Ligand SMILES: C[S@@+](CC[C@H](N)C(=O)[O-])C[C@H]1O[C@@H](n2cnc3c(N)ncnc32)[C@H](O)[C@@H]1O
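Presented below, as structure tokens, is a lone chain in the form predicted on its own.
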Amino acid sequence: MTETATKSIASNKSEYINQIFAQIAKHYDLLNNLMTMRFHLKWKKDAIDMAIKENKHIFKALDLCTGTGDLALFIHKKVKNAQIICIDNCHQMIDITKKRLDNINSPTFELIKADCENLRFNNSSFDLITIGFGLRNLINREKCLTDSYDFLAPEGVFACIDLGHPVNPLWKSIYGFYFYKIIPLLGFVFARNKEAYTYLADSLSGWYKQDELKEILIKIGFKKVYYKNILGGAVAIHIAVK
């Protein structure tokens, strides 16, 4: 396959994923709350708490694939004066985040519509970089991870929360049934979009296992990397310190 053809396939996939999130943006928070019984908010808060334990001097943060801004808001609650840049390539998501942040009336936020795989920031620009349930949807994940390493200042922290792969056979079976049967049904009933939530389940097939992502982060150069499994590994928080 030629380089041009490969780029075309990647571009088409990226556009397809963007369209999916544009279609479900207004139902995104509702479905997240239903699918996790609102526990996703606790997990995201835990991810920020874990990151701040590694670096208590957060002056500038970057939230990749910000979605509707949950992680950015948790950062703001923990570090009031930190400057937080939120990046997403779906303008429908950015619009929702903007409305949420306008209610806070804080000058510390900056929202940018951009591709998280092609960002241009100076090296050592950030003390914290976060990404929540977004890395899995990127085409060139390792470029995003390598860029994140470069963008972080020494002692800076990268925090990723995303779906995981349970190890226990019984739990893995229950998890698979829930994601491949129940979640698409919820998407159809509450968002009238079964396809988008079928994609969510399908995205697991090519997604890193927890140890695989840990090894990639170590290979990139992070000096301290660990993860915390949630619900038997159905969700995982990865923390990497530069």
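A quick note: this is a predicted structure, and the numbers were derived from the prediction, not measured. One-based numbering along the sequence shown.
Omitted from view is the form predicted in complex with this ligand, to which the following refers.
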Of 164 to 172, 151 to 159, 127 to 135, 75 to 83, the segment with heavy atoms within 4.5 Å of this ligand in the predicted complex is residues 127 to 135
Only one of 95, 110, 115, 142 comes within 4.5 Å of this ligand in the predicted complex by heavy atoms, so just point that one out.
115
Among the candidates 27, 44, 60, 214, the residue which, in the predicted complex, approaches this ligand to within 4.5 Å (heavy atoms)
44
Taking this ligand as it sits in the predicted complex, is residue 51 in contact with it (heavy atom to heavy atom, 4.5 Å or less)?
no
Exercise: residue 90 in contact with this ligand in the predicted complex, heavy atom 4.5 Å
yes
Contact test in the predicted complex: residue 21 vs this ligand, heavy atoms, 4.5 Å:
yes
Whether residue 32 contacts this ligand in the predicted complex should be assessed with a 4.5 Å heavy atom distance threshold; does it?
yes
